[in-house]
Ligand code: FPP
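For reference, the chain that follows is the form predicted alone, supplied as C-alpha cells.
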Amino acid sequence: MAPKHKTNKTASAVPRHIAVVMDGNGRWATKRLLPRGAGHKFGVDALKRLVRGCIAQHVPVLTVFAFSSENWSRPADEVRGLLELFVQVLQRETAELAAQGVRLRFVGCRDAFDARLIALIESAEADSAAQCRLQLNVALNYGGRWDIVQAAQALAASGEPFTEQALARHMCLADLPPPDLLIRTGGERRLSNFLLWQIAYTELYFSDLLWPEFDEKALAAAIAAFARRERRFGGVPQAPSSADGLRVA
C-alpha cells in the first residue's frame, strides 16, 4: 500500500505517484569539462532535492530510474563508477532518508550485482520498512520489457488463467498506484524502457533541464502543469453542471 500522507485543499491536484527518468548527468559534466562520473555525483544531490520536494508537496510515492538494464553497455569505467556510487550513497544516505520518513524499495534484477551492493540494498529496505512519509522506489538494473517478461514467467508458473489483471499482479510495484506523472529531464522525449506496463495512462512531462539542475522549483512547475491537465483514462470530458456556476456550451 502507498504510504499515508497529509491531505490538503489541493490534494486532488497532487500526483499520488511520480516517476522520474533522471537524464543528463553526463552532459551536465561534459559542458563543465568534468568527467561524466562527476555528473552522477551531482545527480545524487538533485535526487535529494527531489525527495525533499516530494515530501513538501505531500507526494506519497516516488519512483526513479537509477540504472537501466541497457546501461551495462556504457564504458566499463563509467559502469564501475556508478555501482561504486550506489554503494557510497546507500552507506551515507540510508539513515538520513529514514529519519525523513522515507521508505526505500529497489526494483529490478539484482543477479548482476556483487554481494556487497545486494547486502546494502537489503539492509536499506529492512531498516526503512517502517517509514511511511514517502515511498522511494529505486529502479536498478531495471527495464520495462524485463518487468513484463518476469511477470509473465511468474504468472505461467502460478498456473493462474492468463488475464490482464492476473499479469498485473506480478508486475513490479503491483501493490502501488500506477504513476500519475512521469518526469524526464535532459530534453529527450522518450520513455527508454521505463515502467512500460505501469504508465499506460500516465501524464508525461519533459524538462530541458539536465538532471543536476533539477530542483524543488522545477518539481513544483511539473506538478502545476499536471494539475492543469484533464485526465480522461480513455473516456470523454464531463460537461460541467449548472451547479458549477459555469456556462455549458
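A residue's number is simply how far along the shown sequence it sits, counting from 1. All figures in this text were calculated on a predicted structure; none of them were measured in a lab.
The same protein also has a form predicted together with farnesyl diphosphate, omitted here; what follows describes it.
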Gly43, heavy atom within 4.5 angstroms of farnesyl diphosphate in the predicted bound form: yes
Non-hydrogen atom contact Phe86 with farnesyl diphosphate in the predicted bound form at 4.5 angstroms: yes
Close approach of Trp211 to farnesyl diphosphate in the predicted bound form, 4.5 Å, heavy atom: yes
Partner proximity in the predicted bound form: Ile148 to farnesyl diphosphate, non-hydrogen atom cutoff 4.5 Å: no
Interface stretch in the predicted bound form with farnesyl diphosphate - options 108-116, 148-156, 164-172, 75-83, non-hydrogen atom within 4.5 Å: 75-83
Triple contact flag Ile18, Val59 and Thr63 to farnesyl diphosphate in the predicted bound form, non-hydrogen atom at 4.5 angstroms: no
Selected contact from Leu47, Ala218, Ile199, Leu191, since only one has a non-hydrogen atom within 4.5 angstroms of farnesyl diphosphate in the predicted bound form: Leu47
Partner contacts for 124-145, taking farnesyl diphosphate in the predicted bound form and a 4.5 Å heavy atom cut-off: Val138
